[in-house]
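First, one chain by itself: the form predicted on its own, in structure tokens.
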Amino acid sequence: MTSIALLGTGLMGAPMAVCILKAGHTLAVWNRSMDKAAGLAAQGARVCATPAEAVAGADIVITMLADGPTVTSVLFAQGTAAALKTGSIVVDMSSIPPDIAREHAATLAAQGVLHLDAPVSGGTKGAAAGTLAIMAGGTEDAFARAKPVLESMGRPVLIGPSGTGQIAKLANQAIVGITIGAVAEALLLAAANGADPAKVREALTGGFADSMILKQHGQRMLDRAWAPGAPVKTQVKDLRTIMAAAKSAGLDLPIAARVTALYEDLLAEGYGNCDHSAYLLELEHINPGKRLGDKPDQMPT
């Protein structure tokens, strides 16, 4: 039995914690808003008041937090790193810039703690089902030791050294953001030209245009159900990191750049807490009078 600590029990972290518990591991949890962690006590988790308390004695510490600055703050400004035992492993499953992941790995290595950057894809459904795609960057030793725990949450793959897990996640988010845009445009195109978009989506299933995004997010668009999933504000954060990484590498990514600009507009218009499939709302905004279906918008509460 492995002793685990999980820091961050929000939309993704809470169902991930349940999967860890179901696998039989001992789990301590912490979340900035304690009410989001309290429900895990009934599942067998030990709910802690501070992140340092949660990680004390843990073999593996998992972070699932909002962004790079938050991970840095929780690990190094709140006494957490000082509470880590020598030889433990920090597995950061947040989506943060690769250079920050490398900095964290180097800082922890200096105190005898291993590090993996291991962001995920699959959304809340994948987190609940334990089927997340897990993209890990770090040493082979750290990955081998953490792999049984990661397998309780999904399918882990070691990409390469520190930071490469985050690079894989950027590739994932580029595909996700662009494909959400493509699905929204395709369904609105169908509706605007007199075809039933639900039937078009059904017809495309199984063909070359099929994808998880067509299935899941296409249905969200048809239902106009905007409770997240993955919120617009998180998609924008990841798209900004993609564009920064592209600039650093001397790349021009015109499709990603256009999708980023449209998501930025959606965020500025107040839809940051909506599911990222709400890209459709921005598409409708720039096409006045065009709308997908006649269902009312179901906004997040």
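One rule holds for the numbers: they count along the sequence shown, beginning at 1. Worth saying up front: this structure is predicted, and the values here are computed from it rather than measured.
Just so it is clear, the following notes concern the form predicted in complex with another copy of the chain, a form of the same protein that is not shown.
Visitor: Out of 145 to 153, 74 to 82, 213 to 221, 110 to 118, where are the residues with a heavy atom within 4.5 Å of another copy of the chain in the predicted complex?
Guide: Contact criterion met by 213 to 221 only.
Visitor: Taking heavy atoms and a 4.5 Å cut-off, does residue 252 contact another copy of the chain in the predicted complex?
Guide: So residue 252 counts as contacting another copy of the chain.
Visitor: Just checking whether residue 128 would be counted as a contact of another copy of the chain in the predicted complex - the rule being heavy atoms within 4.5 angstroms.
Guide: Although another copy of the chain is absent here, residue 128 would stay clear of it in the predicted complex, with no heavy atoms inside 4.5 Å.
Visitor: Does another copy of the chain come within 4.5 Å of any heavy atom of residue 179 in the predicted complex?
Guide: Answer yes; at least one heavy atom of residue 179 falls within 4.5 Å of another copy of the chain in the predicted complex.
Visitor: Give a yes/no on whether residue 133 approaches another copy of the chain to within 4.5 Å in the predicted complex, heavy atoms considered.
Guide: So residue 133 counts as contacting another copy of the chain.
Visitor: Quick check on this chain: which one of 93, 105, 89, 170 has a heavy atom within 4.5 Å of another copy of the chain in the predicted complex?
Guide: That would be 170.
Visitor: To verify the annotation, which of these, 64, 27, 242, 60, has a non-hydrogen atom within 4.5 Å of another copy of the chain in the predicted complex?
Guide: It is 242.
Visitor: Each of 236, 280 and 294 having a non-hydrogen atom within 4.5 Å of another copy of the chain in the predicted complex: is that the case here?
Guide: No, the candidate spot makes no contact with another copy of the chain.
Visitor: So which residues in 188 to 214, when you check another copy of the chain in the predicted complex, have a heavy atom no farther than 4.5 Å from it?
Guide: Result: 188, 189, 190, 192, 193, 194, 195, 196, 199, 200, 202, 203, 204, 205, 206, 207, 208, 209, 210, 211, 212, 213, 214.
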